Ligand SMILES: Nc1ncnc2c1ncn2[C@@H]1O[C@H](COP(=O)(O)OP(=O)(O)OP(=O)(O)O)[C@@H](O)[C@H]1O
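Just the one chain here, the form predicted alone, laid out as structure tokens.
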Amino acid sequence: MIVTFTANPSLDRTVALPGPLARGEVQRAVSVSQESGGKGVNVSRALVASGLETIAVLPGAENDPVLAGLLHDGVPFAALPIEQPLRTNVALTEPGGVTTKINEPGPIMDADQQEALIGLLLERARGASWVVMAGSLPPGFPADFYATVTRRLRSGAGSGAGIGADGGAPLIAVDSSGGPLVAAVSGPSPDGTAQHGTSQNGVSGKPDLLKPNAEELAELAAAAGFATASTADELEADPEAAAAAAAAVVRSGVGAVLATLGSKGAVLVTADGAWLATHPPVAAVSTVGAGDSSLAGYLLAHGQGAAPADCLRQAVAHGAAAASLPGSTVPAVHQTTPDAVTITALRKD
């Protein structure tokens, strides 16, 4: 069982344009589609498409369109009822796959609702092999929310609660950006107390897997104290630089980094090695959800006992397949082409 946790889910509307976006002009859409989304939800959708057992944990009223969409798509979920509607995000896609996204901030939840949401996740995570915490946080959530939840998951397993598979803690993946992502690798505060993702009472808040894109990897590397600053464009153009940046994050205590580099493929770095995976060019239709599909592909392969390089292979195959599909459509495993992916071992230092 793979549990996904989306604190800020959304109804994702994709508007396909007939040509380049023309600011200030009137344009007629070629097509409009909508899906229940948010990064964790997208991972669950991709897992369901491939026949894997998953459940999406999220907030939302019973009649919210996001939950209605999950019911329609057959995606199992557990929702914390809230009074406010969930957000709607809009993606404008141009021919060739160029995408412009407009994301709403999301509903405001007080401290009691935040705690109830954590409680729901802890309940549903019992017996899980992985917990995936993904996406932005709604307004008012602390930046270290994911790190706090990670510690709670591991503390519960350590106390004998038997949260994860075989009674242990589940493996934990985080896919976010900005403060919540940086909190996963932040060091202790000057007074020595635990901060963000560092250990607290002997329990680490750092994840087993981080899935940044190039821009997020640059943020992470800086937070981990990596001496060589690189921009997202530089990391995409130089896989060895991306591997070195990811290695700095791994040395900070994170289990592994799966860095997606757009059309350049992806890099996976663990304590034992670093690999680049590339896929032949595809006719990009929409990049919405491609990174989420990559994470789903990695988890699918990991659950089958694949070696790290082969988990990376399936991740890139899933991401390429997603980019070739319209809107936020996610691929099933039979729509991917892992045999077309080339794996290259990299230096990580």
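Between two forms, the rigid core is defined as the largest C-alpha subset superposing within 1.5 Å. In this text, residue numbers run from 1 along the sequence as written. If you're wondering where the values come from, they're calculated on a predicted model, not measured in any experiment.
Below: the form predicted together with this ligand, not depicted.
Asker: Counting only non-hydrogen atoms, choose the one of 256 to 264, 89 to 97, 122 to 130, 143 to 151 that falls within 4.5 Å of this ligand in the model of the complex.
Answerer: Result for this chain: 256 to 264.
Asker: Evaluate residue 213 for contact with this ligand in the model of the complex, applying a 4.5 angstroms cut-off between non-hydrogen atoms, and reply yes or no.
Answerer: Because a heavy atom of residue 213 falls inside 4.5 Å of this ligand in the model of the complex, the answer is yes.
Asker: Is it the case that residue 59, even though its partner is missing from this view, gets within 4.5 Å of this ligand in the model of the complex, heavy atoms only?
Answerer: Residue 59: no, not in contact with this ligand in the model of the complex.
Asker: Flag residue 39 as yes or no: does it have a non-hydrogen atom within 4.5 angstroms of any non-hydrogen atom of this ligand in the model of the complex?
Answerer: Contact with this ligand, yes.
Asker: Check residue 287 for me: does it contact this ligand in the model of the complex (non-hydrogen atoms, 4.5 angstroms)?
Answerer: Residue 287: yes, in contact with this ligand in the model of the complex.
Asker: Can you pick the one in 320, 46, 66, 299 that has a heavy atom within 4.5 Å of this ligand in the model of the complex?
Answerer: Contact residue from the list: 320.
Asker: Under a 4.5 angstroms heavy atom criterion, identify the one residue in 282, 52, 29, 306 near this ligand in the model of the complex.
Answerer: Result of the distance check: 282.
Asker: Which residues, if any, of 289 to 310 lie within 4.5 Å of this ligand in the model of the complex when only heavy atoms count?
Answerer: Heavy-atom contacts to this ligand in the model of the complex: 289, 290, 291, 292, 294.
Asker: Any chance the CA of residue 101 moves 2 angstroms or more between the shown form and the other one, core superposed?
Answerer: Residue 101: C-alpha displaced by 2 Å or more between the shown form and the other one.
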